[in-house]
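The chain that follows stands alone, in the form predicted alone, written as structure tokens.
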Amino acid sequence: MTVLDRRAPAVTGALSWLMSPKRLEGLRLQAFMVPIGIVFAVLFAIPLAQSLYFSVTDFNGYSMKVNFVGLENYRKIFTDPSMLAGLGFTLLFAIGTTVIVTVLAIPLAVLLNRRFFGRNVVRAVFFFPAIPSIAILGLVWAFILSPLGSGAINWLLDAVGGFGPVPWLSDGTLAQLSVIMVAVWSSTGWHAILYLAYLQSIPGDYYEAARVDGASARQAFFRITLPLLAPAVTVSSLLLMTGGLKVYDLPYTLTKGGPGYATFTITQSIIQSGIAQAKFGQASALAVVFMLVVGAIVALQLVLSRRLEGRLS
């Protein structure tokens, strides 16, 4: 018997394993991952690697001649008042909108889940602010909240009670509150509809059994509705937090980041440093730091949300 004859069964077995239906099915599934891997590499992995590289150089975005500067860009981030102010307001905006929208959207969803005349129209009215572009809403609200006497709210206050112009967008604290309140106004209806979808999946038998046992509406809400809405709270708060951390268009169209740096955001700081000031290396360093901050916040939020779900369930 020759060597080829002795190896023939092994080769045949290997070919039969490779051509087996189970193996072919696995190869097909892996083939579907190739486009996803390419998109991930092109849109995330490669830009991230470039940002890490540029963050330790003095690259200005135009000249390909770069010099290694080490951690100098990272040092400047934590000494630049505009970037620190942007980080502070971004965190305030993200946390504030997440908490306020969640507190308002859940009771609103409970109300919209009840039967009353014109319910569908009311649902549409609350959902409508989520349809237009947030930049367009920012421009509209910039007119409404204009600190001049010609602003819609200031004109109304003057017509009703003779009040002087309120500096809605020219006072630092009022500007921050105004930006957050506009974001809450535009997001609450959308998230209420999200909670409404979860509410409609709760079997009515649970509430019937609670009524038979003598439970009040408050007890039914905290013992049935809220625990079963825990997954919706996780989804909603995650969307709100990630959207709030990367916010740019609303504060920019409302206040351009002012007055001063009161409503300055991290994304605005990255764009301004990288494009307007040609400090691409510093902007890359800020983007890297921001990515780490966002990752830590989102991970902490997911852990707390899971614990909350387990405690409520």
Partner chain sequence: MSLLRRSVATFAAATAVLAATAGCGSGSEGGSGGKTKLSFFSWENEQTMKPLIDAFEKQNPSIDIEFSTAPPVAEYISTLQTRLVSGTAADVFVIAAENKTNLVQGGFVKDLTGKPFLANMSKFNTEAWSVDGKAYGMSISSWSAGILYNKDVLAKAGVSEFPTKWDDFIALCQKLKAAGTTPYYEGATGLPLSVAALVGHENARQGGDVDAQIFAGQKKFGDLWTGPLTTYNQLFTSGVMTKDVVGLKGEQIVDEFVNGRVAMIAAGPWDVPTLRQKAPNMNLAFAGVPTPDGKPFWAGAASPGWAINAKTQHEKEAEAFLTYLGSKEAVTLFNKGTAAMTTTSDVTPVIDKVLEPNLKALKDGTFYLPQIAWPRVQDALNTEAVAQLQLMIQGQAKPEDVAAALDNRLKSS
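As the structure is a computational prediction, the values presented were derived from the model and not from experiment. Residue numbers count along the first chain shown, from 1.
This protein has a second form, the form predicted in complex with its partner chain, left out of what is shown; the following refers to that one.
Proximity of residue 143 to its partner chain in the predicted complex falls within the 4.5 Å heavy atom cutoff. Taking the partner from the other structure, its partner chain in the predicted complex has a heavy atom within 4.5 Å of a heavy atom of residue 148. By the criterion of a heavy atom within 4.5 Å, residue 286 is excluded from the residues contacting its partner chain in the predicted complex.
The shortest heavy atom separation between residue 76 and its partner chain in the predicted complex is within 4.5 Å. Checking 192, 169, 94, 182 for any heavy atom within 4.5 Å of its partner chain in the predicted complex turns up a single hit: 169. Residues placing heavy atoms within 4.5 Å of its partner chain in the predicted complex fall in a single listed stretch, namely 148-156, out of 238-246, 225-233, 194-202, 148-156.
The partner is not shown here, but in the predicted complex the stretch 58-85 reaches within 4.5 angstroms of its partner chain through a heavy atom at 60, 61, 62, 64, 66, 76, 80, 82.
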